[in-house]
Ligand code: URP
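Here we start with a single chain on its own, the form predicted on its own, put down as structure tokens.
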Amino acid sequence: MSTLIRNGTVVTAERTFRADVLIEGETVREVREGIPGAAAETHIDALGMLLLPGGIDVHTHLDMPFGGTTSSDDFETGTRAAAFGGTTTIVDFAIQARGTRMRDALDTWWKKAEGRACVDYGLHMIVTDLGGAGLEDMDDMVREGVASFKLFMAYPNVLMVDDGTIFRALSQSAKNGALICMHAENGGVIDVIVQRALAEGKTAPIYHALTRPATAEAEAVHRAIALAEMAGAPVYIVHLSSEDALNQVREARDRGLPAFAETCPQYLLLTIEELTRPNFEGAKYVFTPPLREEWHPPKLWDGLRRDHLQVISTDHCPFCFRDQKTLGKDDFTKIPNGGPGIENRLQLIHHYGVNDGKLTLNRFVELVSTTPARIFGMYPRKGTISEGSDADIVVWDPAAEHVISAATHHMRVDYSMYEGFRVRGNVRTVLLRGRAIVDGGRFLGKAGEGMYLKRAARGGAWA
């Protein structure tokens, strides 16, 4: 099958230009002005539209067990919602249970995704146990295309590992080319502060944020970077939320260290005040790290503009308000941590970034598609519109008006963190490897159409 997208404006991380795009099968064959109509069987008129590479969200948690429940979007509903928002690739997290092999976790998450994913997907591995053959397991995972591992400095007795384990993992990644992703908060100190709050009867959602100070994030980011420097390995900080933590990444990068970091729309657009909402509605905004005071978001936007932050992901981990978030109505520590956002990332960053003059169109594409593809071993197959790349293309209407609401979104969750937000710029058509899966608000894809991506380790060719 061949498709010709005509009269559009192609936007890549490097440039913006008028061009037609010819697709043959699943890949882009040609990008230039004046491609004759006879070259393709199907035509898409993109006059007045932007042609963006499909969005890449490298931080999602679909069908994930947490706190006695499971995130409400599975691989089918979550990836369908992603498609409606212009995201054509995700990287989710398999979780190694303590006392088990990483292979067990990989097999479990493959089963969760197989036959359900509507967009292409890769997997990170969350490491909780490096005992026994753990380091050799890391090498095996890299050969399976799991080219990144996440370790936690938070959640004692659940996910948190000690500095020695982190250093060993970083040292192994220096050899096998994988990338270590760090959830950076000082979990031991936070746990003490949390217990003090509970002893004082402080149980409301706002205390989730007040017991996780920005200093605890900054200290852990500093420590993670120091461990990576000692191991001679790069490090990637996930869901960075504060100016304090950003300063640690900036200083490391100024010294030439390979330190990378992502942030998320919630940290750019929402503040700690959301957790004070009445009737327990503040629980809708309980996720980790927490929302910060109002002076942090402008600093994060500036960090994105100056390349102190390299990626915008979502940390999409939805739990319904009525029957999941309310598990913690008498104790904020029992509120499932996470929020929905996989569908709204491009809308929000285009509107509040590009339309408001904080980001150029090219930087927007770089943050939501190209750099994630580069860092996580998918470029140039993903993350760009060029000859030979997968034909993951979003036909984007920059003038389309949209009001974000739980009444109209496609995520399987009963609220929106951005309820009532008015944005200008939205998806018209989404192509996954050359096939339209969303068009004019209709879903044309199917469960199981998404393909597992075997991602390349650092410096390797696409496998």
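Start at 1 with the first residue shown and count on from there. Bear in mind that the values here come from a model prediction, so they are computed numbers and not experimental data.
Omitted from view is the form predicted in complex with this ligand, to which the following refers.
Peer 1: Sort through 287-295, 225-233, 366-374, 248-256 and report the only stretch with a non-hydrogen atom within 4.5 Å of this ligand in the model of the complex.
Peer 2: Among the listed stretches, the partner-contacting one is 287-295.
Peer 1: Would you mind picking the one in T108, N337, N176, S386 that has a heavy atom within 4.5 Å of this ligand in the model of the complex?
Peer 2: Of the listed residues, the single hit is N337.
Peer 1: Which pick from R80, H350, K382, H239 sits with a heavy atom within 4.5 Å of this ligand in the model of the complex?
Peer 2: Spelling it out, the residue with a heavy atom inside the cut-off is H239.
Peer 1: Given that the partner is absent here, does H61 sit within 4.5 Å of this ligand in the model of the complex, heavy atoms only?
Peer 2: Result yes; H61 sits at the interface with this ligand in the model of the complex.
Peer 1: Answer with yes or no whether Y207 is in contact with this ligand in the model of the complex, where contact means some heavy atom within 4.5 Å.
Peer 2: No, Y207 stays farther than 4.5 Å from this ligand in the model of the complex.
Peer 1: When the contact criterion is heavy atoms within 4.5 Å, does H308 count as touching this ligand in the model of the complex?
Peer 2: Result no; H308 lies far from this ligand in the model of the complex.
Peer 1: Does this ligand get within 4.5 angstroms of any non-hydrogen atom of F152 in the model of the complex?
Peer 2: Output for F152 is yes: heavy atoms within 4.5 Å of this ligand.
Peer 1: If we check this ligand in the model of the complex, which of the residues in 300-336 reach within 4.5 angstroms of it by a non-hydrogen atom?
Peer 2: If the 4.5 Å heavy-atom criterion is applied to this ligand in the model of the complex, 300-336 yields D315, C317.
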